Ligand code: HEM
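For reference, the chain that follows is the form predicted on its own, supplied as structure tokens.
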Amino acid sequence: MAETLEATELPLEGRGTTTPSPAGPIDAAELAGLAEPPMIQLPRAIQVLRFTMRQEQFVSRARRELGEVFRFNGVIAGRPVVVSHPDHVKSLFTAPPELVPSLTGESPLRPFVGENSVLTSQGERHMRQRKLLLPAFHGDAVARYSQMIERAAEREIARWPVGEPFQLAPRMQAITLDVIMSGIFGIEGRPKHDTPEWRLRQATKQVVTMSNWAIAQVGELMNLGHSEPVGIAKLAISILDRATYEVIADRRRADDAGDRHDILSMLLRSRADDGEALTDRELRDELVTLVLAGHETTANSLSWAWERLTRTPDAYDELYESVRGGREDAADQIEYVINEAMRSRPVVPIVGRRVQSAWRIGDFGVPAGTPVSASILLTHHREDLYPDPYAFKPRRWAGRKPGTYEWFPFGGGTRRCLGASLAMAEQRVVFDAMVKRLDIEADRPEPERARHRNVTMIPARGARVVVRARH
């Protein structure tokens, strides 16, 4: 008989004032005594459109009207339940992975990254891939990247115009793309012109640019529910695939793979328990995932941080005075801004699991097989955790560490983002370089609204700024 995982107290610095709420696996008898979560009463097509294109407004209104646990009718089979209480989040993140497999394999990502990547795979395959890739994104590896990140930032910053509005998001992507290309392929700086790696970098930039076209949102809707890309997405992926397979073929022909320590070389050397090497398709899925997810999410986190910071004069001034004045708290001030930006504008706004047991969620119960999604957006905007939650207040993090189940922009549990440490290191280094060298302001006072693209939330206007002075 499954036992209920009763809510436990979190560390004081993360708990806030949230009332404990039971959550976790239950038996059939307990399920029979619990009500189902309330359902959003709108036609399915409207719910899909609103969740896909205006998720922030959609889930916020549902929480106001239905409470902190509710269901909606979306593209994931089974009418997903949305939760935002830290104890409900904890029940999903701490349960055995076989009891709460990820929904990423059913998400809009699958047509783009395939079924074989660390993002979409499940069970033993996922854990094997995760174990293989983890060393490349943690500890000494991240420390080695720091100087390279700084050089990439310096190169890019030097190109930015002074006195002219421009989109910050693609400029951030240029930096983070250089970083992830280095980690995956072992190339310092930009790849040499007309090499396979250079063509992959160009293809990646082209696909990201295409994803910002107005018609791309139509393409995303066309791909919902598909396991393979269709329409304009198929064209975009074909561009990326040609370049990716060329890199794989070129590296397979090379005679130095055994001496290299980049991610692609490690993947080429890896073997399954039966001795089988990864196929080209398996390598492709892994590389596309790492290149796309490994650079664009971090770039958009940086873009959101500057979008927020340039519209919050007190926070902007405190950061600049601390960093430029060489104060002892400079690193802390940068960390506060990053934490607050990822709280208020998480690039990935929701993560999900499909529970394999009947599950209790506060006063409600759901049967086995139900998708349960933790809304990062809603949790990050709980009044009981973050007073005045819609205000951008980096100082709220002074003397406070992010709670594991209250601040989770990288997801959690066994599915927590592999590149979280690298992403944080990139943001720290890039922020430091920009604050020391540039005076930046927003191009207009009105905040940029969020635009949802596939599974991410990005600044609708690309985080437009103006550099007023260079130092």
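Each residue number is its position in the shown sequence, starting from 1. Everything numeric here is computed off the predicted structure, so don't read it as measured data.
Not pictured, yet referred to below: the form predicted together with this ligand.
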Give me the residue from Arg130, Lys205, Arg395, Arg400 that has a heavy atom within 4.5 Å of this ligand in the predicted complex. Arg130
Heavy atom within 4.5 Å of this ligand in the predicted complex: which of Thr370, Ser84, Ser301, Gln173? Ser301
In the predicted complex, which of the stretches 130-138, 72-80, 146-154, 318-326 has residues with heavy atoms within 4.5 Å of this ligand? 130-138
Evaluate Phe410 for contact with this ligand in the predicted complex, applying a 4.5 angstroms cut-off between non-hydrogen atoms, and reply yes or no. yes
4.5 Å heavy atom contact, Ile180 to this ligand in the predicted complex: yes
This ligand contact in the predicted complex: Arg63, any heavy atom under 4.5 Å: no
Hey, in the predicted complex, does Ser375 get a heavy atom within 4.5 angstroms of this ligand? no
Those residues of 111-129 with a non-hydrogen atom no more than 4.5 Å from this ligand in the predicted complex are Val118, Leu119, His126
